[in-house]
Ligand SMILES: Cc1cc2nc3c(=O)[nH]c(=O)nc-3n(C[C@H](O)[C@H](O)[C@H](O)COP(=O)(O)OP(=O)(O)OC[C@H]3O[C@@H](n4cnc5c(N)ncnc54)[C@H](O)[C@@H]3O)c2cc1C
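This document starts with one chain, in the form predicted on its own, laid out as structure tokens.
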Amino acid sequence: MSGPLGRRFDVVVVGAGVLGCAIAAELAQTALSVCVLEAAPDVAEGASKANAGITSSFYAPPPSIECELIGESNDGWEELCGRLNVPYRRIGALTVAFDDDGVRGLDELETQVRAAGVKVERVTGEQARRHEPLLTDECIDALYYPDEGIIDPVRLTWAYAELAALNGAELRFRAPVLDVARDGDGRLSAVVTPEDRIACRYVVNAAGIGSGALSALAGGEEIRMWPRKGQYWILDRDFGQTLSRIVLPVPTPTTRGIEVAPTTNGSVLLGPDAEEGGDAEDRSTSAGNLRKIFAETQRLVPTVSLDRAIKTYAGSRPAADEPVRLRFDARVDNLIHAGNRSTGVSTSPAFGRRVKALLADRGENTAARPDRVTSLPPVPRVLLEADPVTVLDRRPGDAMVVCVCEQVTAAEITAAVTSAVPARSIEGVRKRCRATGGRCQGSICMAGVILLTANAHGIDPGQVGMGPGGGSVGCG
């Protein structure tokens, strides 16, 4: 390994997905110096945008670390999202049964949910349809979870990154870890990227699907990882606003199932399915898979119609033998593993706090700095306001609506491209404020987005690219 030694950090976090950014946001509020390394050009380019944007109140039975982390995270979403300007609603969910086998599955599931101490109500099919009038008449029994919520997972990831940066963390993109250095005791002492050699005292492995490769590079324990691709339909807001709850089938031992999920911007997601293995970068969709997703979701909600479909997309989630990893490596003394196969968004607040506790147990000073930043400056979002006219009169520039479909103003786009972790591409803007993500998919507003992005970065409009491929969660 060669190259000059760059700045020294206490903690290097590898991966700018939702877990890596949540951990960085927590640690950056302490006296510890933090650097985040991400191979992609932006935050949330992997599993963090390939999910349904649900904050689960229950996913795994006790005793399990996943159950603990969800429990530690779920009650705090309103407060956290209020501070970080992240769209969130606690709308509740229904898991529904169509037949006797499904009812027996609900019996087992209800036992697990109650053992976890999670709020749940057993309801008849008729009662379930009062919670969600669009629910199929085939439903004969259901579980209702009042504490399930929906969130914008990409906006959450960016908000964590913003908070980290405002508290002094350094985020480096297009910075894959190519090599590591060790001291005489076998501890990691530096990581190497294409541009730099970064000294550090701890490394947090939040690399998602790349976690196994990073552990092997660091000389750590074997972590077997593989991609699990999921595909989605996105239905327009005119249908989404008629849906009240998340609707799911009875889960199997291997999957939660294909669901109907409202999004925070009013659209609806149908999916995901689960396709094991393959290329982690494969974001192609299959007509056969999409037909299956439509058929299964239409059985849950018969009014689901592809007449309202505006987009399909696919993304890979990090499947692994060990569903949740949150611990020091068994071989490398200063390597922390932070990974979650299915509930990264739902457990992200607890992940940050738990990693901080791991470092405190090693004697690190993790007390909160008195000068820390704990919230992000609010940016009015016309789409989410009950009185848009009042919002548009707040300050100059707000009244210029650039993205008509999503009602995104020039002020929102400007905030996205001039923030601490700014958007530099069309996709980057879409992830932060949803401009170009509506029913027209940018055909009307893309020129305005390009001009505002180019002006913010002092470049020619022709230099503003689309960004990495694949759609953001909830587009449309």
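So that there is no doubt, residue numbering starts at 1 and follows the sequence shown. Small disclaimer: the values here were computed from a predicted structure and weren't measured.
The protein also exists as the form predicted together with the ligand; that form is not presented, and the subsequent description refers to it.
Of the candidates P176, G186, G125, P302, P176 is the one whose heavy atoms come within 4.5 Å of the ligand in the model of the complex; the others do not.
Between the ligand and the residues G230, G266, P87, G220, the one pair within 4.5 Å by heavy atoms in the model of the complex involves G230. Listed stretches are 25 to 33, 47 to 55, 418 to 426, 435 to 443; the contact stretch with the ligand in the model of the complex is 47 to 55, by a heavy atom cutoff of 4.5 Å. In the model of the complex, the ligand lies farther than 4.5 Å from every heavy atom of E412. Although the partner is absent here, G344 is a contact residue: one of its heavy atoms lies within 4.5 angstroms of the ligand in the model of the complex.
Contact annotation: S316 falls within 4.5 Å of the ligand in the model of the complex, judged by heavy atom distances. P272 belongs to the set of residues with a heavy atom inside 4.5 Å of the ligand in the model of the complex.
Along 11 to 41, a non-hydrogen atom within 4.5 Å of the ligand in the model of the complex is carried by V14, G15, A16, G17, V18, L19, G20, L37, E38, A39, A40, in order along the sequence.
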